[in-house]
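Okay, so here's just one chain, in C-alpha cells, the form predicted alone.
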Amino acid sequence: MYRIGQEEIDAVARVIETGALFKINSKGQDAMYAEEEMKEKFGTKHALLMTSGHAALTSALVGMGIGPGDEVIVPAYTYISSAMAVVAAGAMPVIVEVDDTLTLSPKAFEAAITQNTKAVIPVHIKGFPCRMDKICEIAKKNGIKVLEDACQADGGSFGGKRLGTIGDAGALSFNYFKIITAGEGGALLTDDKALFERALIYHDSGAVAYFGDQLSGVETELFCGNEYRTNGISAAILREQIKKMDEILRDLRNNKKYIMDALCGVCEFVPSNDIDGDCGTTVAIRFDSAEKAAEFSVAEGISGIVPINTGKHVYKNWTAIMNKRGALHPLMDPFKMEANRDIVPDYREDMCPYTLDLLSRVVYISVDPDWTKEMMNEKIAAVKKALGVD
C-alpha cells in the first residue's frame, strides 16, 4: 500500500451511511462502478471484481475450460497462488524456469509444452513485465490459452499495453501489499465473452442468479461454483485507488529511474523486458555470487531483500504443491484423479537450478513513490558504500 487517505475514508463513510454494503444494491453500486472504471482504465470489454487475485486466477482458468487432464505451465518464481489456482481448477501445474529478467522463460515454456498443455500463466512478478510478445506467439502457435498473473503489477504495461490485458485473460490483486489496495480484493480482465460468463457464474454461483440482473445477456448455463463475491466497502476504496494508480506508477518509475541512473556503471541491474512499462516498485541488483548478494543485502542503509529467501514465492517452498496434496479429501485431489494419472509432474527441489541460482544472487531494493531526492540520494550513497565505490 502506497497512498491511502481522506478520499478512501470518505468513500467508506459514504457506503456505511447509505447502508449499501452488499455488492448488489440500488444506492451506491460501488462494485458495479468499480468494474466499469476498470474496463475504461485497462481497456477491456469485461472486468469482474472479486475477493482476491487467487480468486481471479482460479475463475479465469475455469472460464477457459481448464480442468482434469490438462497441464498449465507456471514459472518457478511466483507466489504459490499461481500454482494453487491451477490445482483448484483440477489441472496439473507444470513448473518451469525463469530467465534473466526473473520472469517466465519463453524457451522453458516452449520446451515444456505437451499435448496436454492447455494454458500458461506468465507472472509479472514485482511489477517486472514478462516477454508477452514471444509468450503469446508460442501460445498461439500451440493453441494454448494465456492467463496473465498481474497481481503484483497493477497498471504496468508491455509494449504500451496494460499488463493483464495482453493474453486471453488477466488477474489483478488489491491486497494490502499491492500497488493499489482495497485491503483485500482482486479482479479478472478479459475481452472473451464466454470466458467472462463462465467466470461470472463460477465466482459467485450461489448468488449471481439471485441478486440483481447479473445474468442479463448471459448465455452460459448455470453450474455450481464458488463464492468470491466482493462488497461495497472494498469496492468504494478501490474506486479511489484506481484514480491514484497512474500517479503512483509515475512517481515509482521516476524514483526508480533516478536511482538506477545514479548507479549506472556501479552495479549490474537485472534486465527488463520493458523498462518503461515496469511498475517501478523495485530496483533489482544482480551479483556474481550468493555470498556477495547476502552480504550486500544486510549492509548499512540497504534493507535489501534476497528473493531466494521470500518463502512461498519460490517453488521449492510450495509445500502443498511439492508434496502433491491438492485437497483434503483424496477423491477431490487433482493429484490423485484418474484423469491426471499420466501427467502428474515429478516435482523435485532441484528441478529449476537456474531459477534458484539467480534468486540467490539478486538483491531487491524497494522503491517508494513518496521518496524525496534527499532520501534517494541517501539510498544511493548507501549502495555505493556497500559496494566499496566512492
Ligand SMILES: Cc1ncc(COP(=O)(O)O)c(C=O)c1O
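One rule holds for the numbers: they count along the sequence shown, beginning at 1. Computed from a predicted structure; not experimentally measured.
Although it is not shown, the form predicted together with the ligand is what the next lines describe.
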Is there a non-hydrogen atom of N175 within 4.5 angstroms of a non-hydrogen atom of the ligand in the predicted bound form? yes
If we define contact as a non-hydrogen atom of the residue within 4.5 angstroms of the partner, is G53 a contact of the ligand in the predicted bound form? yes
Can you tell me if T78 lies within 4.5 angstroms of the ligand in the predicted bound form, counting non-hydrogen atoms only? yes
With a 4.5 Å heavy atom cut-off, would you call T281 a contact of the ligand in the predicted bound form? no
Of the options Q152, Q241, S234, T103, which one has a non-hydrogen atom that comes within 4.5 Å of the ligand in the predicted bound form? Q152
The ligand isn't shown here, but in the predicted bound form which of V123, L189, A199, V86 has a heavy atom within 4.5 Å of it? V123
If contact means a heavy atom within 4.5 Å, which one of 94 to 102, 217 to 225, 78 to 86, 247 to 255 is the stretch that engages the ligand in the predicted bound form? 78 to 86
Using a 4.5 Å cut-off on any heavy atom, which residues of 248 to 282 would contact the ligand in the predicted bound form? none
